[in-house]
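Presented as structure tokens, the chain that follows is alone, the form predicted alone.
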Amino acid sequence: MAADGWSWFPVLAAGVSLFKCLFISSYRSTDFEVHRNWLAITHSLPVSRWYHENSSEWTLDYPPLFAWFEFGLSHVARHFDGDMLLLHKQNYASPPTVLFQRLSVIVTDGVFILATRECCRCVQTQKASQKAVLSQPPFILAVLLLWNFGLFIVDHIHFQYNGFLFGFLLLSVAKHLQAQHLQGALLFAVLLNLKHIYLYVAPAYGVYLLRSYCFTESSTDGGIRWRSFSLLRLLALGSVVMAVCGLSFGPFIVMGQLPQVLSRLFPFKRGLCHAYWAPNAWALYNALDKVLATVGVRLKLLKEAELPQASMTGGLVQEFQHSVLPSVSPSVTLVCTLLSILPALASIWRRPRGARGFLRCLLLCALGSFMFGWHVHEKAILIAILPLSILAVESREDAGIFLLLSTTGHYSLFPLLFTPTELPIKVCLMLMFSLFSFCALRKLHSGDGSLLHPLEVAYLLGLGMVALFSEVLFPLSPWKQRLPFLPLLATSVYCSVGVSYSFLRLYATLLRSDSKPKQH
């Protein structure tokens, strides 16, 4: 694309930034108070007490680099309202506080905007000059990223800083696509020290960099040439990662607080599932357990009084026991996760297919961890949806997978916005994003039939029936008092099927490519 062909990008970025400002006064979740409390902790207390402070239930549980990020924000926050930086100000949300925190998310999204531009520059276009700007892959990708429905409602209504974090992830991916591997590794190391949930995709980074960066050559059939191993490159790579981790954790290691920090980052006493069930394998497992328990009681095979009383959908972060099926421990979820991503890692080790092969492996690691991880947050589905956008504008098959996964994954976020005021907002925003995705990708990949199979279309239409039941019919029914968890159960279980199918279909594309020539 010609240099002057990018004049649309600043307009698009400015438009989405202004649109976010319209939601400054909208509903916000408890995450708003979480981050306000972190501002107060990092501003009011010495570093040695950051990970010990527990006067509020919203304790600091992100890695140290994010704590320093909050510390930096706190010095700007004091110019808006100094009271927000007081620890005893629980649930403090003055208008200046709301304005500052909302604007801080919008401003730090600048990292995401920069990352989007870099990713758009990496898109492979063969016939871009024959199409109008609005039909070109870079423009479509920019809209899919900048106007992503899930990221928008999670950050700018629910409230978090995911755009800032995803900016580092996409910048890292872009650097690998540009063959700037050390820069990509540096950015990912920074990201891991900002939020450790991105450990989900760390195996893809580790295997890819070792195989395709530290080994400088491959044989004609794609196998390893052991003599091409570069110790210098391994040392450079290790130095980059260790330097970032040292800067992040070093002060806490010196103070002898590393165990305390790690206990905050990995609180395994939390339950198998998050309060809002993520649409993964454990949602299906939990649902099956509930069905078996209900049938067992009806058939008088089980005594209801003897069943565990802890609710798995009550909104609490807690440990619980399954009623019929064996209870799942963190070690079981770890084994399942590793088994689910092992074929993808083995594939890019045996036969690397360039940075796009790495990107496909990254997606599978993200989905495998989402499907089988411990206490997975529903918002983690975005770790797969956003990078998949890059492949969707380049490949017809990936476009179909993207439509399935994004539609299903985005709908699974609906329970995050549960107030009646937000119902028309989330419905309209998702419909607009989905319509653009379907129309733009269908036009981009036109000429070879539908992007989705009839059964896939039928499944997506079924989401409308689930939404009608959950958002309209159920609140008016007598079941609302007796079975308050039913809409969440229906949403999670139905979406779990779509996410699982997308995971398997994406895996099939990787395994089929094993028989194709290696990409350089």
Partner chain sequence: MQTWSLISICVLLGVVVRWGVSLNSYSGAGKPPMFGDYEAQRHWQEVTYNLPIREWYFNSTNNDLAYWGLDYPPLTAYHSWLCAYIANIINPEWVKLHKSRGYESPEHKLFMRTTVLVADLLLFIPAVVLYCLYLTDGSSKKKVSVLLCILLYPGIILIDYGHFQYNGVSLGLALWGILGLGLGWDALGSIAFSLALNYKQMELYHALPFFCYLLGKCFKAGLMGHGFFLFVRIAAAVVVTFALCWLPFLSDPVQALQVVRRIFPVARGLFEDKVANTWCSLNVLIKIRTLMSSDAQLYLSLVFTLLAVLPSSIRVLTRPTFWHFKLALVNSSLGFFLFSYQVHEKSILLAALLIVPVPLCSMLPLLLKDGLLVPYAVTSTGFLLLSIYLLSALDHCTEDELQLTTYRKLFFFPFKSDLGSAMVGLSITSVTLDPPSHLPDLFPVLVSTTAYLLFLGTIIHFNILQFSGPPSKKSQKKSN
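Positions refer to the first chain, counted from 1. This is a predicted model, so every value here is computed, not measured.
Not on display, but discussed next: the form predicted in complex with the partner chain.
Proximity to the partner chain in the predicted complex holds for none of 295, 477 and 493, with the criterion being a heavy atom within 4.5 Å. Of the heavy atoms in residue 147, some are within 4.5 Å of the partner chain in the predicted complex. The partner chain is not shown here, but in the predicted complex it comes within 4.5 Å of a heavy atom of residue 425.
Heavy atoms of residue 229 never reach within 4.5 Å of the partner chain in the predicted complex, leaving it off the interface. With a 4.5 Å cutoff on heavy atoms, residue 420 counts as touching the partner chain in the predicted complex.
Interface residue among 504, 21, 511, 497, judged by heavy atoms within 4.5 Å of the partner chain in the predicted complex: 21. The listed set 210, 114, 258, 134 contains one residue whose heavy atoms approach the partner chain in the predicted complex to within 4.5 Å, identified as 134. Note that among 50-58, 24-32, 459-467, 485-493, the stretch whose heavy atoms approach the partner chain to within 4.5 Å in the predicted complex is 24-32. Residues are counted as partner-facing when one of their heavy atoms sits within 4.5 Å of the partner chain in the predicted complex; in 417-444 these are 420, 421, 422, 424, 425, 428, 429, 431, 432, 435, 436, 439, 440, 443, in sequence order.
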